[in-house]
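Only one chain is included here, represented as structure tokens and corresponding to the form predicted on its own.
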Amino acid sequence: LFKCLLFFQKYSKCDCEVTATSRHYVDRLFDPDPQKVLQGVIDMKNAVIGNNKQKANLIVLGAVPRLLYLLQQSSSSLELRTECAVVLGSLAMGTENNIKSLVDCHIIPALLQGLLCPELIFIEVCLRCLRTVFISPVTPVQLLYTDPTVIPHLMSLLSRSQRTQEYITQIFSHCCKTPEHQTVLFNHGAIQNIAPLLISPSYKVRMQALKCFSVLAYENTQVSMTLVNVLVDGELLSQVFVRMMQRDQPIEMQLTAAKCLTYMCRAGAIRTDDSCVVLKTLPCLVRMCSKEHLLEERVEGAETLAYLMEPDVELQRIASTTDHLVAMLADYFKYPSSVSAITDIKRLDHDLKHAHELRQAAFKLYASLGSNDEDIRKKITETENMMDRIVSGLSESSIKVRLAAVRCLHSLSRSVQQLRTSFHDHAVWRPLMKLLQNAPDEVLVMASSTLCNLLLEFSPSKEPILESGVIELLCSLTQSDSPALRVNGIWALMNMAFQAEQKVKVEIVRSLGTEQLFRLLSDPDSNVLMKTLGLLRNLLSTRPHIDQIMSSHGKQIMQAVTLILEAEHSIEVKEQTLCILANIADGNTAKELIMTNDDMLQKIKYYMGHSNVKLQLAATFCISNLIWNEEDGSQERQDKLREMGFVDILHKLTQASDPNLCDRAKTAMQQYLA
């Protein structure tokens, strides 16, 4: 106890001394002698370097408002104003709380005002301080765009010195977060002003300019299309980026140049089969995935490569055979290995804390690699312990790893072979169902998409999933505010209803409820509407099921069909609706709901004469089912439809140019002739 008291006294005394010293520094800022104020600021500058405790004390004691006051006074000497900016920059290099305090004291407008000073030395220290403030994640980047004169003024300062070039481009790259920001910078000449900096003698300037182009080009067609035609000292910008990817360049530069070309390619400015993509960018990114690189480099390389080839099957095939990439990624799950070359303990500690980022990147890249090609999917699932790793990834504490793992699973679930083998052997449906119980929407969307594939008719997982009570879960998804979740919920139910037993169909209708079913049929999202129609079509298949469902819900279903056929909908929606009507017409008793509805028969007649062949086919199929000879009451139905002029229409359709429509009409006519 005595030792503890001594310790407490010692450190309390130390804190008091620091506070007293800090108070002394702040008091000196108010001295009436300008020379003493200057010396006080210089002493404060020396005291705060590397001392976060001192920085925090000075901020608490009110040093910042006084420093900002002195910085903005025209009566202050240039040296004093410069030293104030230096101290503020040093305070900004402390904790995030320091940054928040500085921003709350309105440091940004004060420093931006300082940029109007003609003196270069003062402009540079203001920019350096602004750079430090803006690169912090707690600073609202929108503050750079509040005053519309700021960006053009920063552009004009780019030519002043290498320091202004470095700081301004770094500010731009950190503050360009949205398409609106990209547009503002683009409209104020960012490309023309920054492009020449790519051949600056200063590495820092070249690097910051490169980073600036990477954030400007990301998912921006306008910027990317402009960049592809830019010349730098007579050389196309894309070739400048290619030179920056050469192995003799620093890794940071290689990676950022590869990102620029990746974003330009994804935006459609560069073809996916262009040599600068296939022979330079892709191999560079694959190279970054190898284990001799730092963790951050491997993560960035894998994620950028995944983004580059995501929509292009040919790039996926090339990547899968480059440098044994599929096997190389398996190392991402073994990090750090027992034979790790890391000797720096701090680095090892950092990497252990961030190893989950490697797993996330590997899952993303595997997902991209396997999104189209069956052979690549097979290669991935045959990689050592791959399915076990995915299953483990689905329950990791990191939400980002869980999302990447389920993305990978979704990609592999597009394979019929994998659904029948690996997915069944590892019972992946169990962790997937667990993931669906309580997850953010982003994870739910991907997990429910995967579940849709696991519920396909040929998937061995379908039965155990059904037994796990999934119907209630999927029905709840259809009530989500998210259109993507509503689509996936109804899509999974649609797959489940395909060729299902009657008890499953009845359970779907019971759990979903007719009110919700018809609410989905008027959903503003066309994808939701299409999948709901698909569900209805699958529910209304096989005669006993058709008759049973229509006997309970026929009136509402016919009303919904009428509304859709009368409203402004796409050809696909109307075709699907007519196919549902054709299914109803195939029922033993259900077909009477059509035959006793003259308004509906007129609609079918209208669509038989429609200009779109798909709609004509579906409508003709409906009539064919109504007049089929082998069913009770066929003669009466044929007579009624003849009176309404359907035979004349069928006769015309037997001369149709479309062979399918012609054959369907002839088949229907044969029912009359039999």
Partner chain sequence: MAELGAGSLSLGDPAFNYQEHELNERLKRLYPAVNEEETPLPRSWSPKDKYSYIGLSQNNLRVHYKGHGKNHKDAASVRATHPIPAACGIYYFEVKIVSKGRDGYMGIGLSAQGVNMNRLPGWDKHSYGYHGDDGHSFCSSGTGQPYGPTFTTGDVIGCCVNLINNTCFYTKNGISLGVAFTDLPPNLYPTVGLQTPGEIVDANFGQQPFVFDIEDYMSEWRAKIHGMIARFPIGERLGEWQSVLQNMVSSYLVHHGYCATATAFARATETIIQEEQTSIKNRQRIQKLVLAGRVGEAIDATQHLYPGLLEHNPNLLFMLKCRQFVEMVNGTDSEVRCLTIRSPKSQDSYPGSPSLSPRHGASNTHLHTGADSPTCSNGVTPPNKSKSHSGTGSSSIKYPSVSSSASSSTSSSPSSVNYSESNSSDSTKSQPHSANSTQETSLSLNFRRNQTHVTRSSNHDSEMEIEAEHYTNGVVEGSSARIMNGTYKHEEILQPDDNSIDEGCTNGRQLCGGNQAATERMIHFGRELQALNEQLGREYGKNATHKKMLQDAFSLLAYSDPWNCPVGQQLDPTQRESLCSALNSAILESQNLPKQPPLMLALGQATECVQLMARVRSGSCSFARVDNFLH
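These numbers were taken from a predicted model, which means no experiment stands behind them. Positions refer to the first chain, counted from 1.
Only in words, not in the display: the form predicted in complex with the partner chain, which the text now covers.
Heavy atom within 4.5 Å of the partner chain in the predicted complex - residue from 292, 457, 219, 463:
Only one listed residue qualifies here, and that residue is 292.
Just to confirm, with a 4.5 Å cut-off on non-hydrogen atoms, which of 392, 526, 372, 322 contacts the partner chain in the predicted complex?
Partner contact (heavy atom, 4.5 Å) among the options: 322.
Looking at the partner-bound form in the predicted complex, is residue 279 within 4.5 Å of the partner chain by any heavy atom?
Within the cut-off, so yes.
With the partner left out here, check for me: in the predicted complex, does some heavy atom of residue 402 sit within 4.5 Å of the partner chain?
Close contact is absent here: in the predicted complex, residue 402 is far from the partner chain, nothing within 4.5 Å, heavy atoms only.
Test of understanding: in the predicted complex, would residue 287 fall inside 4.5 Å of the partner chain by heavy atoms?
Residue 287: contacts the partner chain in the predicted complex.
Interface membership of residue 248, the partner chain in the predicted complex, 4.5 Å heavy atom rule:
Yes - in the predicted complex, heavy atoms of residue 248 and the partner chain come within 4.5 Å of each other.
Partner-facing stretch of 422-430, 323-331, 559-567, 538-546, counted where any non-hydrogen atom is within 4.5 angstroms of the partner chain in the predicted complex:
Correct option: 323-331.
Taking the partner chain as it sits in the predicted complex, which residues of 301-319 have a non-hydrogen atom within 4.5 Å of it? Please list them.
Read in sequence order, the lone residue that approaches the partner chain (within 4.5 Å, in the predicted complex) is 318.
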